[in-house]
Structures are given as C-alpha cells and as structure tokens.
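Only one chain is shown below, in structure tokens, and it's the form predicted alone.
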C-alpha cells in the first residue's frame, strides 16, 4: 500500500514541477501582490476611511454638543463605526481595521502613526475645524504598531494557499477523471483511499514548500517580523492548507467536467477571498456578512496567521479557529471520500 501511495505521490510532484508556467506563477503571484501594494500604500493615497466613535450605548450620536464633531460626522466617504469601549477600539485600530478613533466624551482621538489612512483621516478631522471651546487632545497608542504591509502579508499567503489547494487538487482530479486516468487506475490494485492520500500528501508537501519559499523571500526583501512561534505558524498553515485541500477533493469527488468544476471552484474561491479579510477589514459590515465569512476556512487561516505574526499569539489563544478548521477538514474529507467515484457518472 505504501509503495503505491509513494508512486502516486512522486508522480503528482513531478507533474507539478514539470509544468513551468504553473510552478512559476505559484512563486511569482504573491511577490507581485506584495510589491504592488508596497508601492500603492507608500503614496499615502486612499479614497475610503473608517473612523471609530466611542459611545456608551454602542450607537452613533447624530447630534452632540460639539459643532466641530457634528461637521466631521457629516463628511462623505467616511464610515463611522460605533464602539462601546476604548480598549476594543484601540485594539482594532492597532491592526489597521479602522483608521482613527474618537472619544467625544473625553475629547480625545487616536491614530496609528504607521497608517497612511490614519494620517489622512486626522487631516479630515481638522479640516472642518471651527471656533470651539473644547480642543481634542491627541493620544499615543501603547505597544508596537503593525505596518499595513505586515498586516496584509498573511492574507496574501493565505490567498495563494487557497488557490493552490483548490485548483491544484480539485481541477487536477477532474482532469484525471475526464481523461480516463482514474478509469485506468480503478482496474489496478490502487484503492480510493491510497489515491486520495497520495493527492493530499503531495499537495500539502508542495503547498508548504512554496509558501515557505515565498515567506522567506518576502521576509528577506521587506524585513517582515514574525512575533509569534514559527512552530505555531507552520501548524496553522498546515491545518488551514489541509482544510482547503479537502474542500478541493470534495468538489472534485464526482465531477467529470473541467468547465463545471472550474465554475464551482471560482464560485467558492472569489467570495472566500473577498470575505476573509485578505484585502480589507469587515469591521462595521453587516452581521450576516461576518457570519457568512466564519464558514470559510480561509477566514480562520488568515485570522490565525495574522494573530501569530502580528500579535505573537500562541496556539492556546487560537482554540476557536483551530477547532473550526479541524471540523471543516474532517467534514470535507469524509464527504469527499464517501462521494468519490473513479469513473464518470
């Protein structure tokens, strides 16, 4: 059995690295994204901002006894997000999920000095200043600040892992079935368990190797910090990658149409990419949007990777996300194994 698994594992790996275009894109795509965003955000130009407002009842005040603040609250293209405590708002501000925090009761505001959006938001706050008896006092955030590009980096890694997992397994297995490869394997001693095991192990091996190379390359070029344990980071990447590989196998378990499988994979991967906080925070969005995002494995992978790399969190701090990824992995793999067919149906 192990010899057959090893043969299938080796064959799949050779098929991957012999495809020079796919191999190059797996390495090149994350670098292009990181380089592009590093240039974009160095220009200090943003068009949409989020401002947190501290309110005791968690509701924004539409009319307060401060004409300057009222003027600012009416500014277009700014989303005002209510918070019930300074601690919660500042924690979110530190991780660039909002750009500025105002406490009307204490006449204070906070920004992150490393955030270009925070800088512009502060300028907008004072651009409509009128004569007022009360002045806001700028406060500093205690502790380290996370540069935006470091906040973005785990999301880019997670997105690259998602595409590699879903299309590298789901699309390939469908192509095998369509081309008759699985039909020929079905008359050999190879069992479905051995074939699926080889596919999962091969993709996990390639996934971790390519992700490690991208991580080391970006860390060398940009000097990214990992404030947590590398062991924890590797564990989370392995678990998150395994969950998405299992999802790819589930999608490919019966389909024999590359067009249909590609459509399903796109239908899953694009909403997952945009709703998993890869590019932007969902803070202040509708509750149902945040609820929907919790069903995506990429959401938990990116959240864990950010908390480890940016906050130095340990595995004990990520119990909920780890449990969610483990449940998803078992569910996807079990359903994929039960539904798997060698031949077209």
Partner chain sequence: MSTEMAQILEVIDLAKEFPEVKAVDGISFSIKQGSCFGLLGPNGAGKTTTIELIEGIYSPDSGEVLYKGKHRANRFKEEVGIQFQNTELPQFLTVRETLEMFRNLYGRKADLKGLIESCRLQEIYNQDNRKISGGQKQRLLLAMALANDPELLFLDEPTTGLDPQARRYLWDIVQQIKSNNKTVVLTTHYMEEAQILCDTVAIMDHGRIIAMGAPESLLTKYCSGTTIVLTRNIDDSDLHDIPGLLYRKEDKIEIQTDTPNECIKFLLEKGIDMSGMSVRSQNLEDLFLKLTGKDIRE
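These figures come from a predicted structure and were not determined experimentally. Residue numbers count along the first chain shown, from 1.
The discussion below concerns the form predicted in complex with its partner chain, not included here.
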- Query: Which of 79-87, 215-223, 234-242, 186-194 has heavy atoms within 4.5 Å of its partner chain in the model of the complex?
  - Reply: 186-194
- its partner chain in the model of the complex has a heavy atom of only one listed residue within 4.5 Å, and of 181, 124, 264, 92 that residue is 181
- Query: Do residue 341 and its partner chain come within 4.5 Å of each other in the model of the complex, heavy atoms counted?
  - Reply: no
- Message: Taking its partner chain as it sits in the model of the complex, is residue 97 in contact with it (heavy atom to heavy atom, 4.5 Å or less)?
- Response: no
- Item | Any non-hydrogen atom of residue 11 within 4.5 angstroms of its partner chain in the model of the complex | yes
- Is there any non-hydrogen atom of residue 107 lying within 4.5 Å of its partner chain in the model of the complex? no
